[in-house]
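Just the one chain here, the form predicted on its own, laid out as structure tokens.
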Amino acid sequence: MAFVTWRDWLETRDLNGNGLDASRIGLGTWAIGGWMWGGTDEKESIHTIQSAPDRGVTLIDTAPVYGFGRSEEIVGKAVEQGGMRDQVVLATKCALEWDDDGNVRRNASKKRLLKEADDSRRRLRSDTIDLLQVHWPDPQVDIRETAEAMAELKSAGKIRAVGVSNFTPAQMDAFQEIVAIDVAQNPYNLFEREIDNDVLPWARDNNTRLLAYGALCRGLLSGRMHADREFPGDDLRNSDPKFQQPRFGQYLAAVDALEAFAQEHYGKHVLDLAIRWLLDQYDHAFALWGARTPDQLDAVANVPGWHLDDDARAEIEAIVNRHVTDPVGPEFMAPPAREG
């Protein structure tokens, strides 16, 4: 397969006018870190990251907490060994800390953020982080302190763009009193549409880029799940209410119906439909595509070159509502706040 043609026509957007042009589909590397995904294979992960630009995927998103530094280390090693630094946009996060037992909590203090940025630059083997995102808001820290730390990092040239993740519009308004937000990252997919009512309108009003994580809803929208699927070890889907019966059956029925719709109307699969739907919701939306092997990125080629009209989006929504009668959001993923 001639991967070079994919690179030529995969959609790109700038990250809010700051000179960072990135593919609208980004490689999500939470699973590559291993933690909460049943472990990782470093060699295969490096191969996957290095294959991404050949498929047109130039945005790579990671975080320190993904494997407690492991994901960032693998990304940094892959990019350096592949001589890829000028081909990719590196996005990572900050504001979560962990102890030796793997207990995670929020910490968005200025001291923590400044230290994390240096640690991430070291693990990523890069003097500059293209996009640094505050992973979760910290109710124990004034948002202005967090924003001031990000502004300082940007002024120092350690980061090129500022992002926030899992913030509400009110929190983003307060943050922007100190420094502009280039990117808002939130969970968003056909089954988890909570941000339709708040963050997405805010992004449109503020001309802010939306980076959607969970675009395939932890694999539910891949079309490869079945009712007796089991998840090994610490896989987070063991605690995701969507993967517990009877809800799991409802979501799988919706996936089957969406697959039939995609095949009938576009000759595509439900995975292609899910990503196309997300990108068509907002012209400045980006979708994170989790992959641990190169072949899991092959379907990226099926996303460009077509769009969903209003009638199609209405029918897709009707299909989901018809089958998923007991929906649940992504709230289970929220880490605890620190005690006061």
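In this text, residue numbers run from 1 along the sequence as written. Only a predicted model underlies this, so the values are computations on that prediction, with no experimental measurement involved.
The next section is about a form of this same protein that is not shown, the form predicted together with a small molecule.
Put simply, of 296, 302, 51, 58 only one has a heavy atom within 4.5 Å of the small molecule in the predicted bound form, and it is 296. The partner is absent here; in the predicted bound form, the one residue of 137, 82, 76, 214 having a heavy atom within 4.5 Å of the small molecule is 214. Proximity of residue 28 to the small molecule in the predicted bound form falls within the 4.5 Å heavy atom cutoff. At the 4.5 Å threshold, heavy atoms of residue 224 reach the small molecule in the predicted bound form. Residue contact check for residue 185: one or more of its heavy atoms lie within 4.5 Å of the small molecule in the predicted bound form. Within 4.5 Å of some heavy atom of the small molecule in the predicted bound form lies at least one heavy atom of residue 93. Just one listed stretch, out of 302-310, 60-68, 278-286, 42-50, contacts the small molecule in the predicted bound form at the 4.5 Å heavy atom level, and that stretch is 60-68.
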